[in-house]
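So this first bit is one chain, no partners, the form predicted alone, shown in structure tokens.
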Amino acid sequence: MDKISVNRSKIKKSEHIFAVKVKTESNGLGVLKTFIVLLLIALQAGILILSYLYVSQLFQWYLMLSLILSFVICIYVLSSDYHGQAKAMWVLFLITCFGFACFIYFLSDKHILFARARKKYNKILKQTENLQEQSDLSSVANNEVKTNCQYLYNAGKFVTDLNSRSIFFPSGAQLFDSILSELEKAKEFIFIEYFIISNGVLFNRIFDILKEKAQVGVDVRIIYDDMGSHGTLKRKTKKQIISAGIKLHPFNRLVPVFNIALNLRDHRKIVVVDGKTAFTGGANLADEYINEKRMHGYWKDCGIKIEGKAVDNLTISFLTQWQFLNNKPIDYKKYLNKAESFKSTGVTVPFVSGPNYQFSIAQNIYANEIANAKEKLYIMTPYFIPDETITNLIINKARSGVDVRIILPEVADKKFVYVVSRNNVEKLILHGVKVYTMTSSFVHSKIILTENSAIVGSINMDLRSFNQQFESAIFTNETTTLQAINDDFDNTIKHSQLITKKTLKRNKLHFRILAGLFNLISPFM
């Protein structure tokens, strides 16, 4: 018994010792772990604090540099040749999003990204500036007409011809009927330049003629805008065009890279046949422009045909664009002086405009035409987004007693552009301008008519056409053409509704707010 008891005592003692031992070891480990955890937390906190302080210092430098850079760019923008609305937009963007805005501005400045292309264009234009001499304008009785002729020559070497004639077409269907007829007569060359070329009934009719002409040795060349014709001119069709012996070039190929150059589009509509006949206007080479396909109700468009030496202006303009794209020299004289002289009742000056010229020829000739109006000023345009200069000129004319009328579409093709256009034009009603919308129609004609002269072409009354696009048009005061254009205005007004103060969309607050927001990006519309 005693032996057993002693053993139990030993067991109890050893259990007690073991228990104490384990407790002591457990407490030591816990303290160590706690210390390590706290140390790691402290180190992490220290790293975060140091990182924060480091980043804060960097951010302060970033803020300081960004503010300085934004301030410098704002000064550069304000002293640039951008129009007022574009300056305001960029300054607002640079102030509110200075770091990001600086980056975007450098990627968007055409003076930087278009500089190389401009040098190339300047070299080509230098080669062509002495190909023609300006006509003697002493026989032009109207001083305003003479001034515009001289401006177009000084700005782009566009020669005035006194022995050419023109025919105005009040619809796209009539325009293309005449184009098809002239293409059939081609013997030497056919030059075609369009913003949009689209597969369809119209294209098939033209392509059938072009194939036949190319087979018998006629020099057929086509320029199309890659963005305007994206999704409308099929790749298979392009291959067929080239296989038929027709020379084909895209303008400003569409690539998935952010670049302001993508916004510089070839919006021209030019057809030249043998250097004897030429066409321009608002209509592109697609079915909707002849109402073969209805997209936005009736499509109201127009065009103009010229015959005579004035055609050379458009021949040269096409070939300069072709040389820019093709990178090969051209013997321009080979394609000039092909037309005969006609008895004319006025001047004819075909001209083009674009960022390749030093001045905004389109905007300036529009401003001149508006400023010269003394009795009437009629404008037909799908979009109305001019700058303050054009707007103020129109207001001043209306307040001076000039009969100012503007025709816009009732049906919109681009809702956001329509909102801005409608808001801008409705402001003019308060100053006596009569504004009409053509019922159930999309008006795509681009015309300015005064009592003395007219401009018909591809130039919209908006900032894109004035500053970012390559455009084409005809300036003329030929009597029969002015009468035909005037008749077209009268007929269009008969099918239009006059906007009154009661029917203003600006009466609705949400419309004005929406228009104000869209106005911020209007320079790019």
Partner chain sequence: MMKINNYKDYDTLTLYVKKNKLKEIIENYQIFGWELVKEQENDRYEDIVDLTFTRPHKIANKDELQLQQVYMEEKLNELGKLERHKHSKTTSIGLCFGTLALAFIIIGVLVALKTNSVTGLVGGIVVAIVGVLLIVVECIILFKLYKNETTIYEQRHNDLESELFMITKTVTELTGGEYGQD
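Numbering follows the first chain given and starts at 1. Bear in mind the structure is a predicted one, so any value in this text is a computation, not a measurement.
The following text describes the form predicted together with its partner chain, which does not appear among the structures shown.
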| query | finding |
| --- | --- |
| Location of its partner chain contact in the predicted bound form, chosen stretch of 129-137, 391-399, 284-292, 448-456 [non-hydrogen atom, 4.5 Å] | 284-292 |
| Answer option from F416, Y298, F342, Y153, heavy atom within 4.5 Å of its partner chain in the predicted bound form | Y298 |
| Selected contact from K157, R205, K238, K434, since only one has a non-hydrogen atom within 4.5 angstroms of its partner chain in the predicted bound form | R205 |
| Exercise: Q321 in contact with its partner chain in the predicted bound form, heavy atom 4.5 Å | no |
| Non-hydrogen atom contact V201 with its partner chain in the predicted bound form at 4.5 angstroms | yes |
| Heavy atom of I429 within 4.5 Å of its partner chain in the predicted bound form | no |
| is_contact(T315, its partner chain) in the predicted bound form, heavy atom dist at most 4.5 Å | no |
| Partner contacts in the predicted bound form for 171-188 (non-hydrogen atom within 4.5 angstroms of its partner chain) | S171, A173, Q174, D177, E184 |
